[in-house]
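Next up: a single chain in structure tokens, the form predicted alone.
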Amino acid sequence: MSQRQVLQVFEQYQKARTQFVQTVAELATRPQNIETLQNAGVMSLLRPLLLDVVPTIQQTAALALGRLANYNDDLAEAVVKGDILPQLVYSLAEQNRFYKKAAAFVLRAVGKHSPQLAQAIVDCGALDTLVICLEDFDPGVKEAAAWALGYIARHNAELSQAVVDAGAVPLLVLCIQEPEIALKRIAASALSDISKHSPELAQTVVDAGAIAHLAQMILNPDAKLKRQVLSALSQIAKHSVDLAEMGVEAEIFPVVLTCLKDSDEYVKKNAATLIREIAKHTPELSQLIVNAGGVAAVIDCIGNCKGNVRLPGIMMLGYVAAHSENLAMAVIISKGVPQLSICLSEEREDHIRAATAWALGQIGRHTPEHARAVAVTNVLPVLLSLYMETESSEDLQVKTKKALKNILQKCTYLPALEPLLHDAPPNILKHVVGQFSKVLPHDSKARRLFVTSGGLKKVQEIKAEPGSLLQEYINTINNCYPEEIVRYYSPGYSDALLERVENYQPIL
């Protein structure tokens, strides 16, 4: 065989390898092919090609592996069991930028599925190499490394700490300052994933100077970047008063309020989440948000969106109102109660309705004035029906019951309470009748209205245990009226009257 023929054999072999990896990488983009590839033993065939002498074959093999591992945890597990990770980590440090991107993609695809698979990446020493990639000249390599590190950190505090210990945080903070938008997004996302688990991890991100840079990007025109920036600031602020105050000191107010009007739903939601995480800590932080116009802005936002986008805003109003009478009144003055009432009627998801009921309860629990502001929106019958609805989740039933009790214990606005006399179960009825027994002895106009509206008649129909608190309340109400009036509205009285008519002997 001539030298030319020998070279031809090698050329054909190289062409066949190239064609094989390119075809597999292409097939791996379509879910319907995955099982067939898996059954054909594609993993063991790709593995040696990661060390191929031809760089494009190495890169394409890594890309194919990444696409397969990304698809499900079985395939990701096969990458781990096939001893492919050490090979990738070794090559990650040695190879060109195209290979580095592909190798980081495989690590991300494996690590995203579960803490166990992410731990396998940590165990094979990948973190140090990925952190080195954060200093690469090529922004695409930095991005791929940041993405892999974020996916590892998001699972739990231990994995997040491992990413921190590898020295990733200061470099991720440098990455958010780079000009490339895609790199900024992924670095901000990774910082968010690191911060979310504990105050200590969030403090590490703060100590690296992240907050000032994140705060400057709140008004960046790129919606996806804004989402990640707001998320990272939320994950930092949620842990403690000190961390929340650091966000405020970075002058995110009133700038962040503009994000509540963003056309991107996730930007709106993440902005409301950030405001909620700050407001929940102290009355002082809530007051600062009120002073910046935050309550009115959140109420407008809730009115302009639906579903889960509303949820953080609804909860934020509840947290603000929970702190004090004055803060609850600020929610009322900004017309928060009618908007929450609309949410309670419009939304179909139980967890959103439960949060709305909780927020209304926090507003109404302070004074009779607060309770009246809630009651006049006719929300009490809605809360009652959700509490009594057998299909309501346990959480919704608990939250609506608690909200009703909070409001009823302060509510002296009787027209709003009367509808509940007809439908409320005994445990709620006790609170309703209790409020009537407080108000009627001191208000003659209310006593008259209570008779003409049918309230007194309804009270006589209530079957209370002798000696119970409910019976005491009923006795107090009955003592507000002449005995014959009470008798007139008691069950069976009309029958007794008719019987007297029948037995009456006319005097002729």
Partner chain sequence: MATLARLQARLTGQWEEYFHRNRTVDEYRKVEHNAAVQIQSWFRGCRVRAYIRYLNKMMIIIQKWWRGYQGRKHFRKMVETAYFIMKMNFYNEMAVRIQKRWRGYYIRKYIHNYYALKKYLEAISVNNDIVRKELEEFAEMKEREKEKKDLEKEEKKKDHQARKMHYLLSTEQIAGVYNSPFRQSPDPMEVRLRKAKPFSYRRQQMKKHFTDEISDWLTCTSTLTFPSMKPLPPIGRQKPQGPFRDTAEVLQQRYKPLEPTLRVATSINSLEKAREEIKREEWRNRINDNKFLPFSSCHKNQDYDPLIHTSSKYGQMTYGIKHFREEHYEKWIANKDFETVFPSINLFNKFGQTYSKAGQIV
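Residue numbers count along the first chain shown, from 1. Worth saying up front: this structure is predicted, and the values here are computed from it rather than measured.
Another form exists, predicted in complex with the partner chain; not displayed. Remarks below refer to it.
Here the chain stands alone, but in the predicted complex its contact with the partner chain, taken as any heavy atom within 4.5 Å, falls in 256-264 among 150-158, 256-264, 427-435, 372-380. With a 4.5 Å cutoff on heavy atoms, Gly293 counts as touching the partner chain in the predicted complex. Taking the partner from elsewhere, Ser334 is found to have a heavy atom lying within 4.5 Å of the partner chain in the predicted complex. Asp193 falls outside the set of residues with a heavy atom inside 4.5 Å of the partner chain in the predicted complex. Contact check for Arg447: every heavy atom lies farther than 4.5 Å from the partner chain in the predicted complex. Contact with the partner chain in the predicted complex holds for all three of Phe105, Leu171 and Ala330, each having a heavy atom within 4.5 Å. Among Val309, Ala182, Cys124, Val80, the residue placing a heavy atom within 4.5 Å of the partner chain in the predicted complex is Ala182.
Of the residues given (Glu346, Glu389, Glu249, Asp74), Glu249 alone sits with a heavy atom within 4.5 Å of the partner chain in the predicted complex. In sequence order, Tyr90, Ala93, Glu94 are the residues of 68-97 having a heavy atom within 4.5 Å of the partner chain in the predicted complex; the partner itself is omitted from this view.
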